[in-house]
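In structure tokens, one chain follows: the form predicted alone.
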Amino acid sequence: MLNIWVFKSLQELVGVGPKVEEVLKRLGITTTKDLLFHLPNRYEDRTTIVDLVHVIPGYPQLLEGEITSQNLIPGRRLQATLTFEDLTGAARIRLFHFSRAYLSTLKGAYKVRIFGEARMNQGSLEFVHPEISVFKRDPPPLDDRLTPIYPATEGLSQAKIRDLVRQAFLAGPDNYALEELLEPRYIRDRPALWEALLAVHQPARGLPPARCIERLALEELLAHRLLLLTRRDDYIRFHAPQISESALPMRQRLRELLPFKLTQAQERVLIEIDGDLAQGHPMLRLLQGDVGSGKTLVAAFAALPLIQAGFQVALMAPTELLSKQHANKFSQWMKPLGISIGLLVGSMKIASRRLMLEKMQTGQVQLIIGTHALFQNEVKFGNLGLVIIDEQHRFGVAQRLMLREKAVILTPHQLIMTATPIPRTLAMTQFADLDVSIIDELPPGRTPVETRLVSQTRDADVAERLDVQFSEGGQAYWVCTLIEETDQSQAEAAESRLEKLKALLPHRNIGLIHGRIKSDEKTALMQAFSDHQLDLLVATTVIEVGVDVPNANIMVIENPERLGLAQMHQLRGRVGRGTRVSYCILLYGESISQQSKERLTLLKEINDGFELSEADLRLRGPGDVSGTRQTGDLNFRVANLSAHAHLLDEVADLAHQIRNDKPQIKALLIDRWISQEALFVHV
């Protein structure tokens, strides 16, 4: 019979009182079993003592010696400097948070061990707040295992967490209701759960065995996939507009108005969308396509069956600039069909906003385009049937789920678009709740963009080359990037570059656009650029998403090493939309690392967005590739999408079986691995 000791209060552990118990709850730890699944996120090597003479600045290292002097430095913030010595030399320790009792402890020490990163300060080695262990006699032997570093919170030290985890493991596997939720045939030749957990918390020598990490990663990936599928099941159980007719007069009329035919990829995706609309439950479809592949036009065709059936369609974009561009584009397509277009953005005047809200609620507007303003409580639709979300990574999971509340009777369909190609590994994890359609074909006539790497010291040569292109009727973007990407700092960098370019090209019309410019001014500037009143547009990455100027044929990206491959690929996609030979010039800084240069070379050699996105995932990680992290995004404790990509097909098959045949196991796996925050977003 299993011992239920695990389910008693955490205060059963030595060193846990009411205050510590409350702190542990902030980490999602409410039982001793939770401690087993509070996994390290990295390890430190404290198995070897380094002499001061051999210390390498910038790397965490363990040293042993004595504190030979202490000095208090008065001021607004009391500081202490200590002298640490071993047989090979001396270094300074600087403390900012301490008590006099702590200093007395250090003063009475026979030996100390310090662990931390050294830095050079005025020619001397210095440690700022290293971890200090005090010994009144000879220190014990060194640990022969790596030291785990856990996710922590204020009021809970790493040493405390390690001690509590140690106590939890001392109880042994028989003291836990630690079920093997997966059958042996699923686990195959991988270790048992207890063995894998023990190896990750207390690796014997070196890093934990890969097979132990893989065992836990399999469960974690499975739990996350099951959660997303549960979200999907919960959403599609609602009723949505059922549109079964596909050969609609409106679509035929739009085809006749277009000066070109849809590509085969666009036609294929439309068939997939029509299949969803005919089901009677809400569509949840992610539409991927490289920059310029024609996603927006597919969205327009997708909207027409709903509008013809009497429903409203809302299109949500991440910026006012892009919302207004969409409004102009959809007006060109839809107004000849007699469809009314509305725009709702935050900068609207009160009277205009009130009128638009009234038209939306009474159904006088059939297609509404806007920003986050569409989420606000006072926004009501007469009969919303489809929501189109442009650039999905700018909106969180919670925001997408909120759209259901905008329904009057039926739940709206969702079509989510992205020009950031999503690697297969991310599509199978972060977007497992969505059906995926891919436009993998560019419209005919798109000119390939030639990418070149140029040193920033040659910016005058680049300006001269731009001048030649301007003489031949071309236009160019010059994008400025910064490490500290605030609106103010980006604006200052762009303004500085503008002045330099004006000096180099005094006879050219140059505009400037950045995050601090008012929305109306941005729109006017983009319109002037589109109308060829400007030769060159200096900008921040505000032009990354959606801006379409077919005549622009040169994209200069300054300090491209500060951006990800996917983001640079999107910027590159702003040019090459016409018949001119087009170029993307990566203007890199002098201090660029070899690794960064290799990344830029990948962009030069690869034009396929999906291939680049896989490379970006390997180099930067899933958070940066999929965009700004939002509440509810998947944060893995042990799984690594690069290292464990080979598990994803197995996880998908296993999730399908458990979802259909073993729903009780599904709930237990999700509860074991998913944080309360993610579950809250789901609810």
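Computed from a predicted structure; not experimentally measured. Numbers follow the displayed sequence, beginning with 1.
As for the form predicted in complex with a small molecule, it is not shown, yet the points below apply to it.
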If we take heavy atoms and a 4.5 Å cut-off, which stretch out of 106-114, 286-294, 306-314, 233-241 is in contact with the small molecule in the predicted complex? 286-294
Check E21, R26 and N635: does every one of them have a heavy atom within 4.5 Å of the small molecule in the predicted complex? no
Distance check, H507 to the small molecule in the predicted complex, heavy atom within 4.5 Å: no
is_contact(F96, the small molecule) in the predicted complex, heavy atom dist at most 4.5 Å: no
Would D86 count as touching the small molecule in the predicted complex under a 4.5 Å heavy atom rule? no
Does at least one non-hydrogen atom of R577 fall within 4.5 angstroms of the small molecule in the predicted complex? yes
Of E391, E558, E320, E220, the one that lies within 4.5 Å of the small molecule in the predicted complex (heavy atoms): E391
Selected contact from K261, R452, H129, K349, since only one has a non-hydrogen atom within 4.5 angstroms of the small molecule in the predicted complex: K261
